[in-house]
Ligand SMILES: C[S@@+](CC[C@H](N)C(=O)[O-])C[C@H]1O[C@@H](n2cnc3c(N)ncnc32)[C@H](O)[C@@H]1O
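Only one chain is shown below, in structure tokens, and it's the form predicted on its own.
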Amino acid sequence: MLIFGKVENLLIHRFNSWLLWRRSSVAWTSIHGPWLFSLLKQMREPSIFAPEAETERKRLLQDSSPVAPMDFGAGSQSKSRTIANIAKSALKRPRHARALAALSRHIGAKNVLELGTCLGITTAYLSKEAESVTTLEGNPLLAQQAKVIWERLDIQNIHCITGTFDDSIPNLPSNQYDLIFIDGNHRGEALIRYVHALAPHLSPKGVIACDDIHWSADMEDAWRKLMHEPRWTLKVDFYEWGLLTANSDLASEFFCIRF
């Protein structure tokens, strides 16, 4: 009963949060700033779509292989999971993965860092739009599944590090990343801790994308705190994820955008 109560509270929070976001959000076509408008336009670019990765997604959704849970954050309470369960609940939607890949293309990312590989579909999207992608995954079974997918897709520019985020971040292979995508854990204090730990690794015009910022009241509060930090210029809330950049060429603005 306690688990059902927690799930019910999360669902109520997300519904109310979405209503508030919806009321304050604007259509992407109403944005006038050239940097942001160009990004939003690219997010809808058909060439960003990765049909080979989507074929792998369909295969994963039919895979009943068991995976023992190794949840390092506020994820599923399920005690038994399959590849299909994880693919259904944890993989980013195609539109979401395409938006992140468009962001990488837009900023001309050379090095991308992803926290939370999962089954590697979003990583595959990002690999098309960057010279190299470093991705961190705590569950070795998921990391292995992701590597199988990348091999099937003949992707050569992904470096996967297996281990907890806190253990892996101090040993990152690069000192500077143009795009950092933070997914996984889903605890507010962890989100703030990761952003603060990774900000020194962000290139001057780089972007941090924070996933599931409205997942819970805790995550939402953390997102608000991050937005109010003076280091960030442009802040964008897409509901499913948020964007932070310290790019000094951009005005200090905040938007909630429907795209």
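All residue numbers are counted from 1 along the displayed sequence. Here the structure is a predicted model, which is why all the values come from computation and not from measurement.
What comes next is about the form predicted together with this ligand, which does not appear here.
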- Task: Indicate whether the candidate residues L91, T117 and L142 are all in contact with this ligand in the predicted complex, with contact defined as any heavy atom within 4.5 Å.
- Result: yes
- Contact assignment for this ligand in the predicted complex, among T164, N157, S174, T82, heavy atom within 4.5 Å: T164
- Using a 4.5 Å cut on heavy atoms, which of W232, W35, Y194, W28 is close to this ligand in the predicted complex? Y194
- Task: Spell out, yes or no, whether the shortest heavy atom distance between E129 and this ligand in the predicted complex is within 4.5 Å.
- Result: no
- Hey, in the predicted complex, is L103 touching this ligand, heavy atoms inside 4.5 Å? no
- Indicate whether N185 is a 4.5 Å heavy atom neighbour of this ligand in the predicted complex. yes
- Query: Does this ligand come within 4.5 Å of any heavy atom of A99 in the predicted complex?
  - Reply: no
